[in-house]
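Quick setup: one chain, the form predicted on its own, written in structure tokens, and binding and motion questions come after.
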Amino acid sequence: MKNFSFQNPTRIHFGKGMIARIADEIPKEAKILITYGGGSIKKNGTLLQVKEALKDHASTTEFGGIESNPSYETLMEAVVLAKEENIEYLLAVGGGSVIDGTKFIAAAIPFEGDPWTILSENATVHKAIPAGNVLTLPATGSESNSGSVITRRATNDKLAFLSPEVFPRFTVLDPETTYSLPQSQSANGVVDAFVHVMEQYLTTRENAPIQDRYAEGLLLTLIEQGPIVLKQPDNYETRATIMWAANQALNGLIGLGVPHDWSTHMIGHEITALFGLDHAQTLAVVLPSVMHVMREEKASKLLQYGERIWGIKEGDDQERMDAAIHKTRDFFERMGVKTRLSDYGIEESAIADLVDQLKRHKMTTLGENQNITPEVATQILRHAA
């Protein structure tokens, strides 16, 4: 296990009725900007609960319309509004896209210089407006981590930044806010969380049994509970379990002291940037092919994964690895998330453009051993076709 330092400063309020807790989290005199997406929080009553909790606060302003795969263009509109209104606190109400977008807004408001450089040049974020959130779509873990992924539609860029300055001060995880999610979004959330675990688990590494068992517990839970949520969308316990699993998948804990991969995400980002697929759809396409192409490098871990997660114990090593990859792809398909580029109308001729995007974004040495070159990425995408 490698050395590490760890702190997660986000306070978590978990369970039904916990939206009321935001009244004590945000200073009553603060000027608040509430950010959200397409307006589903108005229909399902979540925004009403938020406003009720903030009824004694001095000032609230709203900014809606943050997209899935939040766009830089839209977020900069929110930055302008926040500066005009002298906003002092941000409250994101939505899924990972809204929370990611709000992190960027928080960093961009006080940023000196071009805010795009936070993403394009990894410019250091020295300070950010404080922010909390109410999660309505468990998937990304963004509600209690320091990462954010933003798309600039004008240039087909989808880039990430990390900064301790944008850790949410608090998050509310009320499973009841997820009852009204479309089935596709519930499925996407499960797949997203599953792949987050795999990016930190399916790597070549030395002994890390605690991280392994924690990751395996999350994977087994998602495999068990994922199909249930599609059949029983109002099952509180299942919604609660998935919400907590998605949070734990990317709050920093299971990745401590071990190498990470993240090639599936980086390649997937380019698919979204060029073709607009949902983030989880790209992950379901890319991960099985990464597993296939990098099988020899990841053999020890892939065999462990097959045995501990899928109970695969028979056959030679190649047969067992094949079976583990097949089981993974089958799980995504059973969740209703397709796993081939062709399923989304993307032809093999597009692979060159996707690899060019990786090169343009300097993503030329991916994976835990930095050996997924553009040539290897091409192999992965061809296998995913």
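The first residue of the shown sequence is 1; numbering continues from there. The structure presented is a predicted model; accordingly, all values stated were derived computationally and were not measured.
The same protein also exists as the form predicted in complex with ligand NZQ; that form is not shown, yet it is the one meant from here on.
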| property | result |
| --- | --- |
| Location of ligand NZQ contact in the predicted complex, chosen stretch of 224 to 232, 294 to 302, 311 to 319, 130 to 138 [non-hydrogen atom, 4.5 Å] | 130 to 138 |
| Partner contact for L250 in the predicted complex: ligand NZQ, 4.5 angstroms, heavy atom | yes |
| Proximity of G147 to ligand NZQ in the predicted complex, heavy atoms at 4.5 Å | yes |
| Contact label in the predicted complex: S342 to ligand NZQ, heavy atom within 4.5 Å | no |
| is_contact(P182, ligand NZQ) in the predicted complex, heavy atom dist at most 4.5 Å | yes |
| Of G95, P168, P288, G306, the one that lies within 4.5 Å of ligand NZQ in the predicted complex (heavy atoms) | G95 |
| Contact residue in the predicted complex, from T264, Q281, Q200, T178 (heavy atom within 4.5 Å of ligand NZQ) | T178 |
| Residues of stretch 28 to 59 in contact with ligand NZQ in the predicted complex (4.5 Å, non-hydrogen atom) | G37, G38, G39, S40, N44 |
